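The chain below stands alone and is given in structure tokens; this is the form predicted on its own.
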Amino acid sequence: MTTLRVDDNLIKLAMAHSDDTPVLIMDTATLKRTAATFMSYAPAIATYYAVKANADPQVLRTLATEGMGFEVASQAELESLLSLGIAADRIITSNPIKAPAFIDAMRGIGVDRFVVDSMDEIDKLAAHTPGCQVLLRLAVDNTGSTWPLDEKFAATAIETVELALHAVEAGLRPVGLTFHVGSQCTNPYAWATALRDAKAVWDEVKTHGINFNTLNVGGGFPAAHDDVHPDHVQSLDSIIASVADFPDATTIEVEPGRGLVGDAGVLVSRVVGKANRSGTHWLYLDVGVFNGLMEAVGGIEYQYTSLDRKGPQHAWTVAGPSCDSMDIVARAVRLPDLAVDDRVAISPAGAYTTVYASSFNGLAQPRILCV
């Protein structure tokens, strides 16, 4: 289970703002500090926040004031940014599979660069936005990532070259490469390894008369789950060193999501029930996999802190409040002997909690409070 010490400031915020649970408390100061780390690499690296990680308007406003760009994957995400007054020239999309209506909406605001990883997507773009620019999504090693993304998306090196040639034939303009090393990537040098693979493709397409100028190295930057100590500076420095091998790359982009907002959030829950089943202590919270902690199903681990009781700790199996037996969040969580209505702080919870939450079983989704 988790070993990191929970940030004292997050615990103070959880104590002060958690009368009504479940609630996701976002620490604006932490959010701004992390944003400043990424923005300090401008103009060498352009940063676009992946809106899918946490789409709360207060979070988006905060990042906008820090000068951040934004990456969207749907028309709804696009409209949320436009409703906040965020300019179109600060918005990109990297979704390899796009609904035609979304393509039209992006083109309608003047965005004409899209990501592809299949022949069919190229043909779709040629029909809906002829002559647009395309980035080709290359499959790279996802080893070291808790949440791999290497099966559903991306093309092999050989396929990527073929895609570039097909894009030209279809009247599109291939301008570069993009990839994703996997979400919650714990290897700060994963991007450098991926860039070495990208270099071979970059050079190969040049032999066919196609000159790239853009490298989008995606997201994957981690939050402090389990015993991970994120060092975004180390990762960004490694990226800077690696792109030196691409002298004709005039645009370098990153798309942090979890790594930007994850550590700024603490999810506060209350105990709604307890049980002893065959010698195992069960703790039921008012938030579970269906209404906030869905990533637990995929192996993401959290830190748990009792806000109301201290004392000797023992192992609990933590579950959500639904009637579904899949709603098990974690096992062997060390906590004191809690009572119904006691509060438990769960962190880091700023990413992929509320955006995944549903109202299954009529359960309350966590409200969001930025402080």
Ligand SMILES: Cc1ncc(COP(=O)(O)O)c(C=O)c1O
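Bear in mind that the values here come from a model prediction, so they are computed numbers and not experimental data. Throughout, we count residues from 1 along the sequence that is shown.
One more form of this protein exists, namely the form predicted in complex with the named molecule; it is left out here, but the text below deals with it.
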{"query": "Partner-proximal stretch of 296-304, 156-164, 77-85, 218-226 relative to the named molecule in the model of the complex, 4.5 angstroms, heavy atom", "finding": "218-226"}
{"query": "The unique member of Q184, S269, N291, S235 whose heavy atoms fall within 4.5 Å of the named molecule in the model of the complex", "finding": "Q184"}
{"query": "P188, heavy atom within 4.5 angstroms of the named molecule in the model of the complex", "finding": "no"}
{"query": "Contact of A50 with the named molecule in the model of the complex (heavy atom, 4.5 Å)", "finding": "yes"}
{"query": "In the model of the complex, D263 touching the named molecule (heavy atom, 4.5 Å)", "finding": "no"}
{"query": "The named molecule contact at G176 in the model of the complex, heavy atom, 4.5 Å", "finding": "no"}
{"query": "Neighbours of the named molecule in the model of the complex among 66-81 [non-hydrogen atom within 4.5 angstroms]", "finding": "E71"}
